[in-house]
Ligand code: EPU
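Just the one chain here, the form predicted on its own, laid out as C-alpha cells.
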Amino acid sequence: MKSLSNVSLKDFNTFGVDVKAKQLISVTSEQELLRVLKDFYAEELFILGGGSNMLLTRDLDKTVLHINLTGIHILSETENEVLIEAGAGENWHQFVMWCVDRNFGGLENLSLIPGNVGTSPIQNIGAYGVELKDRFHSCEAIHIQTLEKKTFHLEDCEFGYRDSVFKGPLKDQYIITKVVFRLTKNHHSLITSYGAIKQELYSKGIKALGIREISDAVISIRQSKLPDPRKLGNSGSFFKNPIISEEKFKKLQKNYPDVPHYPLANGDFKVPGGWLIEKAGLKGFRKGDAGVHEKQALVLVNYGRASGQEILSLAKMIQKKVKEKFAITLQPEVNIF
C-alpha cells in the first residue's frame, strides 16, 4: 500500500488534467482495500481505477483510493470455453492481448480501449459490434460501507448501452475487485460487420481470419482515428452515440439522406454522435488547449494545459450547437467530477 499527500492527479487521468488530491492511497490487495475502507467513511473517498473515463474539473478535498489489484487466472475450462478472472487493476488492453495470445476469443473487438478491467462493467464498454456484457460472466465487489463482498452475475448488472446497475441504483456503493469472463477456445464468433473492420482486413489482404487478425484490424483502425492519451490527453469518446426514435430518425434522414445509422431491435436508431458534431461544424474546433479531435469529432482533447472546466465548457457548447441544429441531446459518456 502506498500513500501520498497533496498529490497531482495529472498522471492518474487520461485527460492529463492537473488537479490535486488531499491524499492518494494505492492498494494492491483486497486486504489493503478492506483496511482503508475500515479507516474511512465512504463519503471521504474518491475511487479511482485507470482514470480513462472521467473528467476532473476541480481539486479533490478527499482521499483518492486507487484500485491497483492485479492478477489473471483461468478458473475453469472445457473443450470449447474458458472462464478467466482478471483483477480490477489490470490494464484492459493488456488483458485483451493476454487472451488473444492464448487464442481465447470474444474480446478482440475491444482491443485498445483505454482503462482498467475493474471499470469495464460499470460502463459496459463496447466497440465494433461487441459489448462487455456479451462476454461477461460475473464480478466480485465490496460494499464501501458494510464491507460485504458480493458476486454480481450477468442478470444482476442490468447492462445497457454504456450503462449498468453500477451507474444507476448502486452508483458509488461498490468497488469491483475482479471480473470473470466467459471466452471461447475454438469455433470463435468472429464479428467483422461493424465499422471499418471488413475494409481494414481487405486492405491488408487478410484471408485466413482469426481473433488475432480482428484484434490487429481494430488496433489499426483505432490508432488511425483516435489519439494516444499518452501523447494527447483524452478520454476516448466523450459523448454517447444518441439513440433516437424511428419518427425522429426519418425527419433527420429527410434533411440529411447520407446520415449514418444503425437500426436497433426495438425500432429505434443509433446515430453516430461524431457525425452530428462534424455536421455542426465543430470537428477540429479548438478553444485554447481544449479541442475537438481533428479525425474523430466524438473525442475531446487536451492539447496540454486545458483545465477540466475548460474541457467541460467546450462539451456544453457542443451539446448546445448539436441540440440547436438537430434537436438531439448528446449525453456524456465520461463521468464528470
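In this text, all values refer to a predicted model and were calculated from it rather than measured experimentally. One rule holds for the numbers: they count along the sequence shown, beginning at 1.
Just so it is clear, the following notes concern the form predicted together with this ligand, a form of the same protein that is not shown.
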Answer option from 168, 71, 260, 160, heavy atom within 4.5 Å of this ligand in the predicted complex | 260
With this ligand left out of view, which of 30, 289, 278, 59 would have a heavy atom within 4.5 Å of it in the predicted complex?
-> 278
Contact segment among 89-97, 202-210, 71-79, 238-246, judged by heavy atoms lying within 4.5 Å of this ligand in the predicted complex = 238-246
Interface membership of residue 298, this ligand in the predicted complex, 4.5 Å heavy atom rule | yes
Can residue 274 be called a contact residue for this ligand in the predicted complex at 4.5 Å between heavy atoms?
-> yes
Residue contact check: residue 222 to this ligand in the predicted complex, 4.5 Å heavy atom = yes
Taking the shortest heavy atom distance, is residue 127 within 4.5 Å of this ligand in the predicted complex?
-> yes
May I ask whether 2, 41 and 140 each come within 4.5 Å of this ligand in the predicted complex, counting any non-hydrogen atom?
-> no
May I ask you to list the residues of 312-337 that have any heavy atom within 4.5 angstroms of this ligand in the predicted complex, in sequence order?
-> 333
